[in-house]
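As structure tokens, one chain now follows by itself in the form predicted alone.
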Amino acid sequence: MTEFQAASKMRELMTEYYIEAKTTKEKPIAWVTSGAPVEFLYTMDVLPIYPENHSAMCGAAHKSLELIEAAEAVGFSPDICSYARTDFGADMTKGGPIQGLPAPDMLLCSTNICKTVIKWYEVVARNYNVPLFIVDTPFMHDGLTRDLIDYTTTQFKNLEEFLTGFTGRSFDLDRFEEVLKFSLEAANYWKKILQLGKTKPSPFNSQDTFIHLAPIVTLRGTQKCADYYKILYEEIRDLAAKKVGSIPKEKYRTLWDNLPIWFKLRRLAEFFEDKKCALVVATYTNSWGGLGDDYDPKNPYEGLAKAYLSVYINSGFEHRINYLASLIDEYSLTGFILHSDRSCKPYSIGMYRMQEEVTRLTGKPGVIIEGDMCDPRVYSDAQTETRLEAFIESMEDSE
């Protein structure tokens, strides 16, 4: 993985964020799902904390298994999301890299990433006896429609009312406008960074973007977040201009679909580097593009509704196939990798059909590897690397 100069700034940002979360007495703490509209929380000075991000951190630090087993020991099924099991275990044992998360004062759950989060957050709401607000973002079976936008806009207005009652303060529209400005700025820099993956050779790997994704998730809507991505963009832009690649002698260019395998990030990065294979685009990181190019500051609720509805995992099967095919063309890819994640069924369902269809549309080979984002018990180095080696040979044969 590439060690960008901006990485030290990111570590500083995330350290400050968790220190504030652990020590603040002034701000209420809200546990939120990764697809929740946090702009509303920052407007009301409510600090968002992400159990999913924390679970990913535990996985990357090789701490998730002990937490998962602690959750299973009290009855949580091995078949549910490993992010949820890691979170339950960390909460019970106060384990992991930061000894668990601070207790929530409220919960914000959005259904645009999956429906498991509803039951997950209901468990947390009972454990802590705190209010839970669910943003019901409908699944986009046939694309973005006016009905879906209007329905989601209503959800956001209800959220505004909920936060007004929760904090006892009126909703500050001027502050909301400022938060949205920072959110848009950070998202635009993030999108510009990801677009630089089209450069040959690519100045970054998807493993790099998996790591540098943290601020756009946790701090979206803050000036610190926007400032950070400006710094990162300028560094990667300069590398692209100088034709400095993240993979020496880049030969293959591939796509990664689904969540990272957090506990194998470094091993997989070393594997791909050895094979001269650059992962230059990932659907997971692309899902954090935020407000779209058509965002109208005069109608912020509609812009937010479009952004939070249009998450890749909230889209129909045909859209996903066409989207993958378009990325293969735009990024001049030689193949694609689909991670069938045992924990994330909404992301993984239909992958074998998807592999066939994307290859049919593009003529490019694909491979499916089976694993999990946090549970190492369902992952095999030998099986995965054997499949990837065969896949790389198929890319060479297709050239």
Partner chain sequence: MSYFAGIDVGSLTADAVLIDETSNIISYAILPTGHDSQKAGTMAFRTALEQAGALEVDVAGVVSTGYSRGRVEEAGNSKTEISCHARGAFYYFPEVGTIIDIGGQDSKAIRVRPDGRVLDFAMNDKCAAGTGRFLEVMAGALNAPLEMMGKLALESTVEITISSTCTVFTESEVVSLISQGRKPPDIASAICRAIANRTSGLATRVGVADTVVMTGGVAKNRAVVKMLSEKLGHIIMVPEEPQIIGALGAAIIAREGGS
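Since the model is a prediction, treat every value here as computed from it, not as a measurement. Positions refer to the first chain, counted from 1.
Omitted from view is the form predicted in complex with the partner chain, to which the following refers.
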item	value
Partner-proximal stretch of 363-371, 66-74, 23-31, 43-51 relative to the partner chain in the predicted complex, 4.5 angstroms, heavy atom	363-371
All of Q383, T386 and F391 with a heavy atom within 4.5 Å of the partner chain in the predicted complex	yes
The partner chain contact at M14 in the predicted complex, heavy atom, 4.5 Å	no
Contact test in the predicted complex: Q355 vs the partner chain, heavy atoms, 4.5 Å	yes
Any residue of 123-162 that, in the predicted complex, places a heavy atom within 4.5 Å of the partner chain	none
